[in-house]
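Take a look at this single chain in structure tokens; it is the form predicted alone.
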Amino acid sequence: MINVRGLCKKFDDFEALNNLNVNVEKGSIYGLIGVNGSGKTTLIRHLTGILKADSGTVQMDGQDVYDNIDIKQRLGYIPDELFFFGSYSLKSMSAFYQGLYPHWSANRYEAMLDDFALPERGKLSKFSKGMQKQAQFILTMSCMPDFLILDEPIDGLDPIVRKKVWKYVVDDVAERGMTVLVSSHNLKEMEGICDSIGILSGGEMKIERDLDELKSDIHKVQAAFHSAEDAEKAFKGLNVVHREKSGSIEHLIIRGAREDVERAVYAADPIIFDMLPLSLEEVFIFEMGGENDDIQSILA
């Protein structure tokens, strides 16, 4: 389990994180999302023990992460910006990792090397970005981590390799109870693998919920009525996040229990009424304040 409580961090006068709480259940995949500058990278640097909190706690299995060798030997981390020793090959990096991580699996390493078909002796510095990402993934997963922190893990990978990456992650969660936190702008893929979601904004946790629960109480509604008065009656008292009209059809985003929305709309005798599921992208846009160019830019 990953547990962050009351985490605060300032850089000079800039408050990067403010009283932040994060809860990641053991054996689950947690998606961390937010616009650029929301505090995701600062949080990840605390989770990996790179930064020390000004106040609050950052713990894994009830132990503080910072300056804790035992926890770090159980922690795998794939950053967005990769680093390898200049002259090292994948083979020499594997020897280096083996000396640091006591649960290193040579069998896992050999199997993944074959699966991803990477050259073991070529210089990593000469690899493409996508090949470097695969090499880092092989090294990290061969450490057999109990905790895995991923920062844009599929950036630069083709669809076939992305599918392989997620299969290894999901299998280790299911089979070994590995606990994963992943930060990514690819919300479509996050939606397919995450159990829960945390939406970070301005260094604070705006929403943290199970993904299914998060999507169950915000709805996309399309409806048409006999009169404008009936339409107003239908939506009066509901938490309407967004509303626009195209011809005779009303298009709305409404937050609340599905049965409450259905009851209110049906009471106004609609001509047309549909409730459609929202994607994680749409949930994120409207939870962050609607159709704002800054919000939508990260989804482009």
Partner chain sequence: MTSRASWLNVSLIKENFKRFWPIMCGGLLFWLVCGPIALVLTKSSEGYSYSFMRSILRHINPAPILLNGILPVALALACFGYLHRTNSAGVMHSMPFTRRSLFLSNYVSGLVMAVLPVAVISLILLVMRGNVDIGWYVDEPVYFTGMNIFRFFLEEFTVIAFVYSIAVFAASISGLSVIHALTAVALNFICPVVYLLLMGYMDTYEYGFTAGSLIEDIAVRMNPWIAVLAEDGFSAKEIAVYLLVSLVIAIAAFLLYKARHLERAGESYVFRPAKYIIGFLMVFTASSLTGFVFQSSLGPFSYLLGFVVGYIVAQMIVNKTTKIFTKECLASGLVYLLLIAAIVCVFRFDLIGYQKRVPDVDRVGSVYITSDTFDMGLDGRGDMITEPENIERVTAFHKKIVADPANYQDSWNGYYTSSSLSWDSRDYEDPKTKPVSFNVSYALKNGRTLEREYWIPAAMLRGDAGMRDLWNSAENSGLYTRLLQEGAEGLSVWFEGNNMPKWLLEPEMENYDYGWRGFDDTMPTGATRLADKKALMNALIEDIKAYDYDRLFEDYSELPYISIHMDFSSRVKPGEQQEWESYFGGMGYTYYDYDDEGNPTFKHLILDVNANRNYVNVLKALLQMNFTDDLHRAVEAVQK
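Computed from a predicted model, the values in this text were never measured in an experiment. Residue numbers count along the first chain shown, from 1.
The next section is about a form of this same protein that is not shown, the form predicted in complex with its partner chain.
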Considering its partner chain in the model of the complex, which of Gln222, Ser125, Gln73, Ser216 comes within 4.5 Å of it through any heavy atom?
Gln73
State the residue from Leu51, Val241, Ala231, Ala264 whose non-hydrogen atoms include one within 4.5 Å of its partner chain in the model of the complex.
Leu51
Is every one of Ile207, Phe235 and His251 within 4.5 Å of its partner chain in the model of the complex, counting heavy atoms?
no
In the model of the complex, which of 164-172, 117-125, 191-199, 87-95 comes within 4.5 Å of its partner chain (heavy atoms)?
87-95
Quick check on Asp260: any heavy atom within 4.5 Å of its partner chain in the model of the complex?
no
I'd like to know if Glu81 sits close to its partner chain in the model of the complex, meaning any non-hydrogen atom pair within 4.5 angstroms.
yes
Is Asp64 one of the residues lying within 4.5 Å of its partner chain in the model of the complex, judged by heavy atom distances?
yes
Any chance Pro159 has a heavy atom within 4.5 Å of its partner chain in the model of the complex?
no
Using the arrangement in the model of the complex, list in sequence order the residues of 97-124 with any heavy atom within 4.5 angstroms of its partner chain.
Tyr97, Gly99, Leu100, Tyr101
